[in-house]
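The form predicted on its own is given below as one chain in structure tokens.
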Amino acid sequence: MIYLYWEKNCINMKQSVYRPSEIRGLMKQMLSIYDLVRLVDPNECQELHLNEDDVLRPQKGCYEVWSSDKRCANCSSFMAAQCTKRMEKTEYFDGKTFHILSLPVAIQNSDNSLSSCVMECITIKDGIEENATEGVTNKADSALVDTLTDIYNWDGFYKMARRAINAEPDGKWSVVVYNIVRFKMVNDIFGRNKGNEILIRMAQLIRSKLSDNEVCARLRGDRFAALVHSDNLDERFDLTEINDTNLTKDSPFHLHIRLGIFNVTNKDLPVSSMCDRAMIALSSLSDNSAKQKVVFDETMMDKMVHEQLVEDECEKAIRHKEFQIYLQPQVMKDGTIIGAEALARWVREDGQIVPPVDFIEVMEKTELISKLDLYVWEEAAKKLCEWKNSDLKDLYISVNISPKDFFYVDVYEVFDSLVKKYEIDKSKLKLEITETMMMNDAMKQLSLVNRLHSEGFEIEIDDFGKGYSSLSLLKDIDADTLKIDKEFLNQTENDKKSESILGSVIAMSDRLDMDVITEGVETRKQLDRMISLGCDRFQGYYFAKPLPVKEFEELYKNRNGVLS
């Protein structure tokens, strides 16, 4: 299903050259979508394998995948290699249907020579596709029906959707995939029985919107799908009805449904590939997105490919220790340096610095962000240990805790071990959290953060005022410092309101015995404005940008610890 990317870029072999690491990344990504992904040499009719030295070696005969004793007639991979364009074909072997997407690629060898081959992405289904002349049946075999919701299951949807499309080949069709946002919370809060009631209700609502020749199914869990006519799609699939339905009479909890839509342009695609495209569209919506539905387009495919390549490069960079910590000074209003925030910077072997915007968002979607955070935390603790007997002994370092860290590592155990290993003062290693971090499993997160605070770690709330429940967070969490989001420094049409809010936050913090740091300070005017409102701690380019550790240390020593 990645073919849209190649269709745009693989016009000829000169435009489709990839490093072995890139090919591995793409194959890894597509394996989450297809049943089988492999490299083949269609001229020799054999499968290829990239060994550990990034050398392509023959592995086995191409035909062995289907246990066939002869070459496929009109082999799509052979034709793709000859015309250097994407090709697709459906084959039938041993009672199974194989949809084969053949993508011509060239792999750059270590000596800069090129090896041309074809990447095959294969969807495998038991059984032979329904004959186009067969009519659409209104009753499915019991094996094709979801026992809970009484609509089709995945196998039933594949079969009946194919029948519907074949019966109306000139029709305009769309595949819609539905997902209930944070459905796991429903089961956790209200119990599995209530969750099942919601799934049944969801199935009933979807089915009520369909005409006789349209099809719906429960694919798995809270994931539903429908094959529908594309006309009046927006009007027919307004989910206000279910989104406004309370789960219980006494609960304010509402369901929120999202849709991913794929407008079918190639009716010969397997239904599974149509669903995959709709799911890619659905997955493009972030947890905090206000959108209810999104339509698939090829830019989503490009983004998915790009993110996979970045992810693979980041993993390699972590292994090769290309990441470094930079320190951005935090100062008093007179410029006295009191500490620094540790920030990760990716410095390639050739000295090129990769901007954080190019990799942080991708890493935050995976456990890689936790691997990076673990590295930053340890480097900060190590540096504090080095400073204990130097002129910088009074400085602290703040480190960020990402939301994913609570899922992948034992945060308390890590920080407790670091201070013991490096014999540092816990108050010198400050911990920055965000409101977003507390959104999932809030009670567990609050308990852990408050435990760290009670053990002597100082807690900073980063980006304060950026979210919607910052004040509520203050009520429940033991924090020592608020970091005011830099957006408050930008001039707006409501500067007076902004100043009133900032003044109130600073005054409130003072009453709560909390420090306030304004981040993102870039001008003298911004500095003076915040000083007049009562803030006395700052961070931003007006004083210094994030610096390599050695430059930070030299700056501190050369300026006697004062930036003016």
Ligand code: C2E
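The numbering used is simple: start at 1 and walk along the sequence shown. Source: prediction; values computed, not measured.
Not pictured, yet referred to below: the form predicted together with this ligand.
Contact with this ligand in the predicted complex holds for none of E322, G351 and E551, as no heavy atom of theirs lies within 4.5 Å. Not displayed here, this ligand is approached by E519 to within 4.5 Å at the level of heavy atoms in the predicted complex. When contacts are judged by a 4.5 Å heavy atom cut-off, G221 does not count as touching this ligand in the predicted complex. Interface membership of I461, defined by any non-hydrogen atom within 4.5 Å of this ligand in the predicted complex, is ruled out. At least one heavy atom of D373 is located within 4.5 Å of this ligand in the predicted complex. Taking a 4.5 Å heavy atom cutoff to this ligand in the predicted complex, the contact residue among E341, E120, E214, D276 is E341.
In terms of contact with this ligand in the predicted complex, the residue from R258, R345, H229, R86 that brings a heavy atom within 4.5 Å is R345.
Contact with this ligand, judged by heavy atoms within 4.5 Å in the predicted complex, is confined among 199 to 207, 448 to 456, 170 to 178, 365 to 373 to 365 to 373. Contact residues in stretch 349 to 363 (any heavy atom within 4.5 Å of this ligand, taken in the predicted complex) are P356, I360.
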